[in-house]
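Quick setup: one chain, the form predicted alone, written in structure tokens, and binding and motion questions come after.
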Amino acid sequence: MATDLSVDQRCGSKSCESSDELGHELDLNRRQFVQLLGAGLLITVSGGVGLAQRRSSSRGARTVAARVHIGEDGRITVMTGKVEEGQGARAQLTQAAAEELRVTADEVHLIMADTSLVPDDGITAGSRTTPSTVPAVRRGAAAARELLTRLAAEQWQLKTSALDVDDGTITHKATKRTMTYAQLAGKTDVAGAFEQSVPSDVTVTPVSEWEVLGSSVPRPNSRDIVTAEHRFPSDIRRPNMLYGKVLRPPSYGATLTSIDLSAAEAMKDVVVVREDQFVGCAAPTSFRATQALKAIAKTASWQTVSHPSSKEIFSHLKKNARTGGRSRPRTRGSVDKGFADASKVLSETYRVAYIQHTPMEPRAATAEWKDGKLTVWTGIDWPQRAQRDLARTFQIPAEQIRAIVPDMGSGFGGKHSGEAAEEAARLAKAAGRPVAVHWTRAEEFTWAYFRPAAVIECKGGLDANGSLTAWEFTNINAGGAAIDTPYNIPNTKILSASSDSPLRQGPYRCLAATANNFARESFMDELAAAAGTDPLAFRLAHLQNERIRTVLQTVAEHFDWAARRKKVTDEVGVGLACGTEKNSCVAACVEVAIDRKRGEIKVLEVCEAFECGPIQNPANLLSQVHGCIIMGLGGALREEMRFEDGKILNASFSGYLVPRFKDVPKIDVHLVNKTDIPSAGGGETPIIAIAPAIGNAVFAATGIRIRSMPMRGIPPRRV
């Protein structure tokens, strides 16, 4: 069903008003924005807010980057630049505001990811919403509560200490006299008093007094999701809209030398665009646009370049590794002396393949030009980045571009760039009509960036007592996330080296931490075996980090590690791994079954303990851990991009096997609620322990050490 984007999709509630106005109005000013939210008091608590303040962004400043609007009917609207892509930010940020405003989560309506309405809260990535944006929203909401309390005190000629706030109502303790936020919001003559930044010393609610935070609040717009009323980026429709298709090169690095556009230009209602290497067609239907594109694709001539294949990728990366400059090793002690004094030295190399993010919703965008201004609806992790990139592309001020990100169908770190938005905008400008560009699954597999491949070299030295005396660790190409060892080793040398990547690469859930933890935790098992020590005992003997020790001991206890390790056979094995990243800690125990006949690994059970400080939404965090575990299974066992001659060979779900329902093992998750530190994000780190725990379990059963992701190498039993 055709629809325009309405405020409902940004507020996450059918009770938000004026959806038709906001859906059609592409050029809002401050007065119109306030009118759309309803009469009342607009409390601005940050610099760097989009159109509402018309000044440059101050993202990263110490002032709170949020807004709170209180309507005369008591409705509370909170604005944030963060994106909801399935990770739970909408619920969590709603809870944060509700906690500090002393209202229920149902009373807070969130507007997200619209550059004309919200602050630039930075990219939705790196597990930064919890440690950065949640505190900013809390401080903003707490400041709003304090300002409203002060206004009530002034009206009653009382001290603020004589007042309580609960459920959006300010009460005089002695007389029980009350005044609601809505009543205060009607005093528009005092609105000027609220045009100020939040004080740096504003007090937020301590963890011990949380009432809304710490509870399992569901996603506010979940009903719209399950009833298909929500419109994802690929669902956006505009009046008189066309559908666009873009010509792709036949291989990586190929450049267009000539093309004949006449066949498509002769088609009725088809718009054809060529701007240097960009060629695209727009038509009333995607089928017609595809026909037009095929007609001109047959006439294209390309100059291709040589390109390494996936079969030779690891030798290519190692050969082209670059050190020096920023790629300098971090050292402690003397690894040369440590290895010289060691009784036993091990050296091994681990390899990690390129993989794709495979979001449920491929890249999509709809673009519309009006009076020289551009509006795009798209799926990207940072609407302000799309705004700035489009401003550079079209050489217009960023203020003339509005980027809106409806709640989108996942990203996993793969939607930091806005290619579809630029493609749609180019076609829309030429057509003079709105244009939607929806990437196919094959395009997403081929032209979106990949998680980097890696070659990781490990070297460890053991003394006569089986203790680690030296550690050398080099990651080539994947990056330095979680590259430092958490273990207590006196002599270390750690290096993250860049290389010449033949594929476009970029962030992925937990960045390079998955690769680095796979190599480190697999190698720790190898060292434990060399020392003749139980893998759990070996780790604990070298761990001083109490947070990692806690999750490791927690998971070992719940999994019954000691007893199950004694029951290992040549067909069933158990393994464990732990790690830390994004200021959170994880440990996992895994049981696997080995199908010797087929040479296959079947994960039977995953038990995982995770700690990320005070838990803000237990049910959502549990879902995030489950998602990480299942996603980790894919990268560990099957996912791998295969390519040759600059072409992807498995650009479909039939050739690229993500986990299916039948692959999901028994999952037992234990959340450790540590309340004496700040909360950290929980959407990434739980993935890093899965692959090494599986590999270690395979070794326990078979004696075969698999040093690559995805894991292969179990020789089938001869019949």
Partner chain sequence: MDTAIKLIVNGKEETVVTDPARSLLDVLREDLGLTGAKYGCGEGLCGACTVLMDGKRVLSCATPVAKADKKEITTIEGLAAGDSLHPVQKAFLEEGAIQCGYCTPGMILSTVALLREKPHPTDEQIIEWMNGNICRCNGYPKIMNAIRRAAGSDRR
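The structure presented is a predicted model; accordingly, all values stated were derived computationally and were not measured. Residue numbers count along the first chain shown, from 1.
There is another form of this protein, the form predicted in complex with the partner chain, and it is not shown here; the text below is about that form.
A.B. asks: Among Ile225, Val658 and Ile667, does every residue place a heavy atom within 4.5 Å of the partner chain in the predicted bound form?
C.D. replies: The answer is yes: all three residues contact the partner (heavy atom, 4.5 Å cut-off).
A.B. asks: Can you tell me which of 470-478, 216-224, 92-100, 486-494 lies within 4.5 Å of the partner chain in the predicted bound form, counting heavy atoms only?
C.D. replies: Flagged stretch: 216-224.
A.B. asks: Hey, in the predicted bound form, is Phe559 touching the partner chain, heavy atoms inside 4.5 Å?
C.D. replies: Close contact is absent here: in the predicted bound form, Phe559 is far from the partner chain, nothing within 4.5 Å, heavy atoms only.
A.B. asks: Though only this chain appears here, would Phe314 touch the partner chain in the predicted bound form if you measure heavy atom gaps against 4.5 Å?
C.D. replies: Looking in the predicted bound form, residue contacts with the partner chain do not include Phe314, since no heavy atom lies within 4.5 Å.
A.B. asks: Can you check whether Gln624 is within 4.5 Å of the partner chain in the predicted bound form, heavy atom basis?
C.D. replies: Judged by the heavy-atom cut-off of 4.5 Å, Gln624 is in contact with the partner chain in the predicted bound form.
A.B. asks: Does Ser310 reach the partner chain in the predicted bound form if we count a contact as any heavy atom within 4.5 Å?
C.D. replies: Close contact is absent here: in the predicted bound form, Ser310 is far from the partner chain, nothing within 4.5 Å, heavy atoms only.
A.B. asks: Could you tell me which one of Thr178, Gln155, Ser410, Ser347 places a heavy atom within 4.5 Å of the partner chain in the predicted bound form?
C.D. replies: If I apply the 4.5 Å criterion carefully, the residue I get is Ser410.
A.B. asks: Since exactly one of Lys373, His172, Arg237, Arg549 fits, which has a heavy atom within 4.5 Å of the partner chain in the predicted bound form?
C.D. replies: By the 4.5 Å heavy-atom cutoff, the listed residue in contact is Arg237.
A.B. asks: Do any residues of 546-584 have a non-hydrogen atom within 4.5 angstroms of the partner chain in the predicted bound form? If so, which ones, in sequence order?
C.D. replies: None of them.
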